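Quick heads-up: it's one chain on its own, the form predicted on its own, in structure tokens.
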């Protein structure tokens, strides 16, 4: 009887001994450089979203304090954002370098922040597409090991699968070659990071981070797109944009990401691909993609500019679509996935699907609790959420608030403490706790929070109140 063993990830460095040429070439690509520890950030002074910033000695300075720039996210082909580490918890900084514009400005989502915001948590899903062998700490929202990921950028194993058995016996344990997979499994390798859609909903009990090359991505999640299509562009909407193009519809499975992109070198093979079908193309001496796949500003990343894979017949400006229904691009459109997708989009149609959803797991119940107008019924839902997931921070904070209003402050305090253990940047939990603790305890709590978020006006005002009593 032959017994099988599961392969595990071992790191790209193990690949180099046999594939030195490929390894060294890939190490110079944007994908390989999409994350890492900050070594040096050039000094700068600039305004972003109405706030004045200065960068010096790898720190970001602002009115009221400063923060370390510990890690970077982004290859700098389009731009690069920065992350600070606070006691192992990672938070995104509010400024980004935009390479095409050659300027510092507000990070995506920070453009309209009235105050400087320092407590946006980095979750594993963010690091999953920019780094490899991510190390989230169980029971937290944004705490990671040291270092938070074992390999910078996108590793060899992210596309070829875990290599532990291959290095032992290369002939017996083959690595995954995406180009040789059937189309759905082949395309899944790229789609894990280059398919955005309107919403991505993990299946009950599944995590996209567990996906391995060679599997079906639809076994892990459903991806939804607008039923009438989007005419604007997102950062990683490459897959759905290409799928909607006339070229893809005419070519079918023959046309895929690897048709134009050489992954190991980053070489652009698009001109060869275009002329392969359009032998009588006009202006053959010019690069076809320059006009038919223009680089455009995206709607979800500030000044970021990306290639539009819609392959337009001609360059033309188009308005963003009005709100519409969504449809499954990949995976299933059952009530659970539709309800969670609409909830993610802030669409009122969410509740009707969530009420019919099966299973009624904690993700469904959390969304229903937020939408529930009856406080007592919402509390019961939050309690059910926490039985399934004791670390759901929104449930911990909101249920604590409900209990505190009933005079059950000791129970509420324990919930808020658990929330802060999962993510110390939850200002609501800090402020709530400061209301039920002794003056001395509240002062210590607030001062500790202000070390993380020195620009919090609410925390400063609360500290002043407590200290004056």
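Given the structure is predicted, the values throughout are model-derived calculations rather than measurements. Numbering follows the first chain given and starts at 1.
Below, we refer to the form predicted in complex with heme C (HEC), which is not included among the displayed structures.
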Counting any heavy atom within 4.5 Å as contact, can you tell me which stretch out of 372-380, 137-145, 343-351, 231-239 lines heme C (HEC) in the predicted complex? 231-239
Indicate whether the candidate residues 201, 445 and 451 are all in contact with heme C (HEC) in the predicted complex, with contact defined as any heavy atom within 4.5 Å. no
Note: exactly one of 368, 217, 293, 328 sits with a heavy atom within 4.5 Å of heme C (HEC) in the predicted complex, namely 293
Heavy atom within 4.5 Å of heme C (HEC) in the predicted complex, from candidates 133, 117, 89, 309, belongs to 309
Taking any heavy atom pair closer than or equal to 4.5 Å as contact, tell me whether residue 79 reaches heme C (HEC) in the predicted complex. yes
Can you tell me if residue 256 lies within 4.5 angstroms of heme C (HEC) in the predicted complex, counting non-hydrogen atoms only? yes
Please tell me whether any heavy atom belonging to residue 182 falls inside 4.5 Å of a heavy atom of heme C (HEC), as the geometry stands in the predicted complex. no
My question is simply whether residue 53 lines the interface with heme C (HEC) in the predicted complex - judged by any non-hydrogen atom within 4.5 Å. no
Restricting to 122-154, the residues within 4.5 Å of heme C (HEC) in the predicted complex through any heavy atom are 122, 125, 126, 128, 129, 130, 154
